[in-house]
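The chain below stands alone and is given in structure tokens; this is the form predicted alone.
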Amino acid sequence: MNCLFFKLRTTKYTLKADQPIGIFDSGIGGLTVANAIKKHLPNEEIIYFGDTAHLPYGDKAPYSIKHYSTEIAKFLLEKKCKVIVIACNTASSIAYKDVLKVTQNNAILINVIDPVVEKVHKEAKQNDHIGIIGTKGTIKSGIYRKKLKELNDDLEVSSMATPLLAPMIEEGFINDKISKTVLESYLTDNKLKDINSIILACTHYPLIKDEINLFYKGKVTVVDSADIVGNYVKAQLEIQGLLNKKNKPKHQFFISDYTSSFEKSARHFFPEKITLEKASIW
């Protein structure tokens, strides 16, 4: 078992149950994780940060991703978050260790990779062929392949960068001719031939999960990280005795730059009245 799970289950935190859960991503993708956490933990207050001024993270230099991620983590610590969820695969793969140095024992830090790897490993058959699609940064890091092969070297793992998908989703091209064409171009690539399951290694991608399912006609298992991470956050709060059972949550949303697509998506997942506040990250 990797160090993330071991650390979370042994570290004692001096936190309170009524503190909020912090979540951050480069844009709207992390809202899928926020929505799953809201579903599994309806009493928890969520503070979400969308770094819309710097999206997408997938084509940024590692130094920039680490810088943005640690600055956002500091912001969420100032908001007294008991948990910080890196709801971005690129930031999780590149900046996790740097963010961990910032949070230390002041918040439970969770990335979106380890819970998914553990679940896929548990459910995979001996010689399954796992496909992975994600941003250039995530795929180049090789983190999913490395972690899966460490747990089961018999698994065949094929990864492919799909850099057009996140900006396509950010611009609202979902369930239309453009998204269908782009998806078909990627998913018919030989790298993904004969896969049994496909990991959506970007939190934007659950927004086009139905289209991906439609393409595969139910013959390939589509692994959506959002619900897996939502369940995992709940389990960690239970272990630490930090479930908030009394709160009537008032969620907060911060963005580094205003985009209409972010506001539209935020209101879709959180139909209650919300206010977007600007907070600059340099």
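So that there is no doubt, residue numbering starts at 1 and follows the sequence shown. Quick caveat, the model's predicted, so the values are computed rather than measured.
As for the form predicted in complex with a small molecule, it is not shown, yet the points below apply to it.
- In the predicted complex, S26 approaches the small molecule with a heavy atom inside 4.5 Å.
- When contacts are judged by a 4.5 Å heavy atom cut-off, Y57 counts as touching the small molecule in the predicted complex.
- Using a 4.5 angstroms threshold between heavy atoms, A166 counts as touching the small molecule in the predicted complex.
- Contact between I132 and the small molecule in the predicted complex is not found at the 4.5 Å heavy atom cutoff.
- Here is the short version: of A95, C202, A73, V85, the single residue with a heavy atom within 4.5 Å of the small molecule in the predicted complex is C202.
- Partner contact region in the predicted complex: 57-65, out of 34-42, 241-249, 216-224, 57-65, criterion any non-hydrogen atom within 4.5 Å of the small molecule.
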